Ligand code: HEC
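Taking the form predicted alone, here's one chain by itself in structure tokens.
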Amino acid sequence: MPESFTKSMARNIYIGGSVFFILFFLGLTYHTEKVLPERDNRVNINEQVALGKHIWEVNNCIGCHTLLGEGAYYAPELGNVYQRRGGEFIKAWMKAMPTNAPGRRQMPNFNLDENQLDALVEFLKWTGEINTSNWPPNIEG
């Protein structure tokens, strides 16, 4: 190797590295475009799921909970709560809040009616059916 680092050597390293990473990025983009349509869950959206998402947003559930890794970390992850607990548990839990147990964080009672609770459960069920490539790694979120 020569004793000095020349401008042409620096240029070649820059151009070679740039070409490598551009090709790498294009390869990842191609792979993503090929895989995502197979994982698309939008076809299963119905009125109940849409209403449940609306209820989720209006009540700012993401302000305390995470959903598929996004949101606050104050309360449990809810991306797979339907598989873990079931719809009746979710509805009973929502109705029983707050429990007023000392020393525990308390979830407010949003006073949702039965139709709203059903819609929220449908939204959480739909969310649990999304192929997340095994995320979160912990079954309890």
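Since the structure is predicted, the reported quantities are computational estimates derived from the model, not experimental observations. The first residue of the shown sequence is 1; numbering continues from there.
Although it is not shown, the form predicted in complex with the named molecule is what the next lines describe.
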| item | value |
| --- | --- |
| Contact flag, Y74 vs the named molecule in the model of the complex, heavy atom cut 4.5 Å | yes |
| Interface membership of K53, the named molecule in the model of the complex, 4.5 Å heavy atom rule | no |
| Residue contact check: V81 to the named molecule in the model of the complex, 4.5 Å heavy atom | yes |
| Heavy atom of N60 within 4.5 Å of the named molecule in the model of the complex | yes |
| Contact residue in the model of the complex, chosen from N44, T29, Q106, N115 - any heavy atom within 4.5 Å of the named molecule | Q106 |
| Sequence-ordered residues of 78-96 touching the named molecule in the model of the complex, heavy atom within 4.5 Å | L78, V81, R84, R85, F89, I90, W93, M94 |
